[in-house]
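In the block that follows, a single chain appears as structure tokens, in the form predicted on its own.
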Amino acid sequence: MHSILKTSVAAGATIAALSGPAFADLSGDLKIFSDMSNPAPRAVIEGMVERFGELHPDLNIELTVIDREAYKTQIRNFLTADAPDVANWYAANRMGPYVEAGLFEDISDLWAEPEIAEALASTKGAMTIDGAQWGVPYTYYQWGVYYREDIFAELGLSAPSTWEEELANCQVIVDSGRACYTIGSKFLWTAGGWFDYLNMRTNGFDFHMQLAQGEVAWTDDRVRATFANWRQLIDMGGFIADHQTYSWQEALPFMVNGEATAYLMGNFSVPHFREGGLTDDQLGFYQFPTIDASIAPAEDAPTDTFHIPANASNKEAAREFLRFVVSAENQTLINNGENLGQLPVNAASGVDDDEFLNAGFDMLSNNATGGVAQFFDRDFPAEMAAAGMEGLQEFMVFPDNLDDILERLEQTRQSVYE
């Protein structure tokens, strides 16, 4: 737990009220637990608390920001034993265990309000389980390949669009003494991103979802084909050494310093590249290359969310905070290039004129015809995702272990999906 910020804002609200008939009467305490612990997200959640507090001067808001990785292990305990009024989490299958355990509040009433039903329609499916809605999204973002455009130019390379071009580029980069990709797989999930893309490009979105839903054996030859493509990059020295010892942030300097030329990552990484000293002239973005031209491109676009715990004490204030979070004005502000640098979920929001936001918006709008996935550890059930990511990291370090890894994952599949 990194810190606790308490704010009790004096009277004299300076921002006009947004919505909700009871907002002026809100009082008491509002406890918010957040995993927005990296610098840019942390500034965003603190800014939202401050501005919401100005709207509700009689409300005492207590914000607790918890390290993102620690949050994942603590959430079940605090939802059960000491629930806040609002908590961050993730959409789709990832919220399933807490819905099934009765730890998240059904907020279908909020989704029935015209302002939310119309403006957030595109994300409603990701927030729905058993016909009810269990949270609201506040941002989503594209994944793709961020690369050193200046080094590519130095080596006479252009962004690859096919797997053949990808491998040819990588050989040139390796021959120059660099790694093609940096990655920090210490916390496993970054390897999940690689598997998502390689599997969706090798076998298609529908197959990937069938695997996520336990309908395909991990020992299936089509899964092996995905790993065979992955191994081509591993065997040619495409990834930095010892990546299993780095977090994703600790792997950033390899690209900033030019020891690696690209990073498969979400758009939340852009502020970190910029803070590291890379200019937009040095940094480029391209969609993960095609492997099979007959397969429509599918993308990862994870959706981050806010929820009201079932055991919350101040659900009225919590609902009003969620209305505030998804309002067009707030969505435009928090997702702009100076803040999260991601895509707003409210259709009435403005998208900041940022090179990478525009690239992601265009890609997801016009060239993700195969489908949009949430991410490996959100699309697969938690137990399968945990075992899967351990296996994926092991494969990246010890690719000769593939047969054993797939056998273990298949045993886990047969246990998880019974």
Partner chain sequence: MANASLDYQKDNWLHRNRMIITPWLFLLPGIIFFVIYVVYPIAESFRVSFYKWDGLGVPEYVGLKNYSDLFKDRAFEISLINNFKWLILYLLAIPAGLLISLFLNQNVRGIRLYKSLFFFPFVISQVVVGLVFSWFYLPNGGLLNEVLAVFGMGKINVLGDPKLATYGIIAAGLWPQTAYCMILYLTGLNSVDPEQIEAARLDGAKGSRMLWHVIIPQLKPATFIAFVVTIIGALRSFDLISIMTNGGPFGSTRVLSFYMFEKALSEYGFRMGYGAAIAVVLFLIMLCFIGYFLWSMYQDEKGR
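Rigid core (definition): largest C-alpha set, two forms, superposition within 1.5 Å. Positions refer to the first chain, counted from 1. These numbers were taken from a predicted model, which means no experiment stands behind them.
Heads up, the form predicted in complex with its partner chain isn't pictured, but that's what we're talking about next.
In the model of the complex, its partner chain sits within 4.5 Å of a heavy atom belonging to P97. Contact annotation: R222 falls outside 4.5 Å of its partner chain in the model of the complex, judged by heavy atom distances. When its partner chain is considered in the model of the complex, A373 lies well away from it, no heavy atom lying within 4.5 Å.
Contact check for A101: a heavy atom falls within 4.5 Å of its partner chain in the model of the complex. Listed stretches are 183 to 191, 153 to 161, 294 to 302, 308 to 316; the contact stretch with its partner chain in the model of the complex is 183 to 191, by a heavy atom cutoff of 4.5 Å. Among the residues Q249, T73, T279, N257, the one placing a heavy atom within 4.5 Å of its partner chain in the model of the complex is T73. With the partner omitted here, the residue from E54, D29, E383, D67 that has a non-hydrogen atom within 4.5 angstroms of its partner chain in the model of the complex is E383. Contacts between stretch 387 to 418 and its partner chain, counted in the model of the complex as any heavy atom lying within 4.5 Å, involve M389, E390, Q393, E394, V397, F398, D404, R408, E418, listed in sequence order. Relative to the superposed core, D352 undergoes a Cα shift smaller than 2 Å between this form and the one not shown. Put the two forms on the same core and the Cα of E69 is off by 2 Å or more between this form and the one not shown.
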